[in-house]
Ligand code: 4NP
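Okay, so here's just one chain, in structure tokens, the form predicted on its own.
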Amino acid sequence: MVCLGNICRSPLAAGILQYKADNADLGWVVESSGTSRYHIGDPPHRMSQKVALSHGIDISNQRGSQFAKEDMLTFDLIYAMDRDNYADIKRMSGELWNEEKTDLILNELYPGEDREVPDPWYGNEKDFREVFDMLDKACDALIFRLTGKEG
């Protein structure tokens, strides 16, 4: 899961998907990163942590990291939160770019529409909750598409 700073959207997405994958005994490893270097080593935004915890998901141990082109080789799927993140992933991947394993996360709900997860960075708790709900539904759709199991 990739966003810009790796403290709001992508930690939420990774936390949600890991939680659901664990509950479904899928054996998946889900990680997140950002395309920028702004928050390397930082924990997720306090509102991301609060909203996740209100759903029983603890993301407090995650730490910000930057996307690296080798992630194209390491991970089976890479999801961007918005079009700018997607373009940055493509640029940063260079010769390792693989379009077949990279997509916008909301395409799991709305195939081919390239809808974006809004960045709640300057928002309030309501904005973070709306982002959580979007990502929660997208993660359910992803699990169902890949496994046929309910998320």
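The model shown is predicted, which means the values in this text are computed figures rather than measured ones. When you see a residue number, it is the position in the sequence shown, counting from 1.
Missing here is the form predicted in complex with this ligand; even so, the following discussion is about that form.
Proximity of residue 97 to this ligand in the predicted bound form falls outside the 4.5 Å heavy atom cutoff.
In the predicted bound form, this ligand lies farther than 4.5 Å from every heavy atom of residue 1.
Residue contact check for residue 64: none of its heavy atoms lie within 4.5 Å of this ligand in the predicted bound form. In the predicted bound form, at least one heavy atom of residue 119 sits within 4.5 Å of this ligand. Considering this ligand in the predicted bound form, the lone stretch of 87 to 95, 37 to 45, 23 to 31, 54 to 62 in range is 37 to 45 [heavy atom distance within 4.5 Å].
Shown here without this ligand, the chain has 3, 4, 5, 6, 7, 8, 9 in 1 to 35 lying with a heavy atom within 4.5 Å of that partner in the predicted bound form.
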